[in-house]
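Heads up, the chain below is alone and in the form predicted alone; it's given as C-alpha cells.
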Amino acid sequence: MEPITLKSDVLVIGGGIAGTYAAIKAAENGAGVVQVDKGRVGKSGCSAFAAGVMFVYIPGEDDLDDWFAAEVRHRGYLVQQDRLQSYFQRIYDIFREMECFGVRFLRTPDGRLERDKGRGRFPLIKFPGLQLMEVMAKTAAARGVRQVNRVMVTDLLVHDRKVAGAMGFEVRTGQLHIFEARATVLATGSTQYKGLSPGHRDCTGDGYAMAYRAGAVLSGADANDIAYNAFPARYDIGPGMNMFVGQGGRLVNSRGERFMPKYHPLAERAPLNTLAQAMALEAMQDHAPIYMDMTHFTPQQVAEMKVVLPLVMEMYEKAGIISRDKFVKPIEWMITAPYGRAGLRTGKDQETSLEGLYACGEAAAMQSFASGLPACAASGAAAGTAAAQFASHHPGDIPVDQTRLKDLQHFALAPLHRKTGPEPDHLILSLLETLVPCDVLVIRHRERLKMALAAVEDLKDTCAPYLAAYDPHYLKTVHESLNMLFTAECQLRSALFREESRMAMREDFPFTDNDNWLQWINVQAENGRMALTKEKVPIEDYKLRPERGKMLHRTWETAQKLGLVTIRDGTLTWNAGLTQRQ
C-alpha cells in the first residue's frame, strides 16, 4: 500500500487533555490542525480515566503564594519557578474555559464549586469522570481539527534540526501515514510500563523515544514529580487515590496497623512519592501486604464516589468489594510500576531544542509546570498557541529527506517481516520484573541501579533487535515495548547520575545536597550513546530558595527516628530484622 500523506500547519501527536487543548488553541489561532492518536482522541491515555478530581487554584478563595510555595517544595526546588508562576496565573482561566466548553463540575445548591480533601493540604474540585475528555474531543472537532485515530506514530521527520512532521502506521492495516507539518506538538504522555494502572497503558514513552532519536534534549528522568502511584494489587481497577484518601481511606499493614501517620503529618494524604517510600519501608519490615481500608465509609460517601468514579465503583461492585453502598472488606494495595518521565526540555512557550517542535503535558520535562489535569491543559494551550504562531511565520514547507524517510519506514515495519523472534510481551514483563521491586527506584542504591541497568542493556542487545509482530496491532505493541525500554534506560542512568536523596531516596547518598545538586539532569544522543549533563537551577534568580548545605532526607530522617536505619558520618546502615536485597 502506498503511504497516506496528510499536510497541515500544526500536527498534534496525542489524544489526551494536553494534546486536545493544544489542537483547540492551534485551531483558534488560525492553523489547520491534524491530531493523531494511536487509540482514539479523547479515549486513550490517562485523561480518559481522569479520576474525577483536579486541583485548581481559585482567586479570592486561595492563597497564591501558599500554593506556589508548596509546589516548589514538593518538587525539591527543581522547577522553573517563572514558568510555574505563569501556570498558576493561567490555571483558573483554563478551568473556566473547560466549563464553557461543556465540562460539568459538581457544584453546591448555591452554585459554588464543591471542594473536598484529597492528597496534600489543598482542596480539589470534582467532576463526573468520563465526560471530561468526551467534551474536549468534541470541542476540538467542532473547531475543525482533523482527528486521525488508530495511527501509531513512530518517528519525527527532521531536516537540519527542523521538525517537518512525523510518520507512523495504522494499527489495524499497517498502512503507513506521513504527516507533513510546519509545527509539531508532542503530547504523548509518560509511561508506567503497562503496569497495574488502568488508563496508563497507552502511555508508553513514545514521544520521549522519537524525540531522542531526532536529537532533542530530554530532562528530569531522575526526579519525577510523582515517582509512583498505588492501586489494588489483585484487581485491575483504578484510578481514584485522591478521592479514597480524601474521604478518609486508611492504609493498614499486615498487622492491621495504620502506619502513614508515623511517616507524614498528612498521613494517607501525603504526596505519592512519600506514600510509596512508606509502603516500601513497611514491606522491608515484613509488614506486607498493605491494604486500603474504606469499610468505615458511609453510604453517602459511596454514593458520591459513584458519581465521580463511575467505572471504578462499578468494578468494585462486580468484584464483591462493595455491597449495598458499603465497602465490605479492605483491598490489598500495592505500589505500581514507576513513572518513566524523561520529558522534553522546554522553554517558556513549550518549545523544545528542535525548531518547530513543542511538547506539553507529561511529554514535557517535570520542571516546567505543575502536575495534574489542569497543568496538562494549560501547557497544551501554550504549546498549541505557540505552534500556530510559529507555523504562520514559517509558511514554506520544510523539505522531507526521502532517503531518511525510507529508513524510518523500514524501522517501523521491520518486525512484521520477521517470521520468528521474541514477543513484545516478553520484553514488557522483563522490564516490569526489573523496575517494579521497591528497592530499585523507590529506595535506590548504586549497586541495585547498576544491576537493573545491566538487565535493561541485555534486553536492548539480545531481545529488542529481534522482536517479531504477527500483525499490525501487535506491531504497535512492539514499538511500545521498544519505547519503554528506552525510557527505562534513560530513567536508570539518570537515577545513577544524581548522587543525593531528593525526590527519591538513595541509601548510599541519604542527604539532600543543596550545594551540589540543585541541578537538572539533561539527556541527549551523542555519537550513538546516551550523554547525561548537569544544568544548574538558577536558584538565585528565583523567588524561593532552599537552605544551602546538606540535610538528611525527610523520609530517611523518619526512618532513623523509627529505628529502621542508623546514619552516622553520612553512611546509612539498616538495623537488624529488615528485609533487603543486596
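Residue positions are given as counts along the sequence shown, with the first one as 1. None of these values were measured; they are calculated from a predicted model.
Form predicted in complex with a small molecule: not shown, discussed below.
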Going by heavy atom distances of 4.5 angstroms or less, which of Asp206, Glu500, Glu282, Glu71 would be at the interface with the small molecule in the predicted bound form? Asp206
Tell me which stretch of 49-57, 22-30, 511-519, 535-543 has a heavy atom within 4.5 angstroms of the small molecule in the predicted bound form. 49-57
Any of the heavy atoms of Gln491 lying within 4.5 Å of the small molecule in the predicted bound form? no
Would you classify Ala559 as touching the small molecule in the predicted bound form, given a 4.5 Å non-hydrogen atom cut-off? no
With the partner left out here, check for me: in the predicted bound form, does some heavy atom of Gln192 sit within 4.5 Å of the small molecule? yes
The small molecule contact in the predicted bound form: Pro232, any heavy atom under 4.5 Å: no
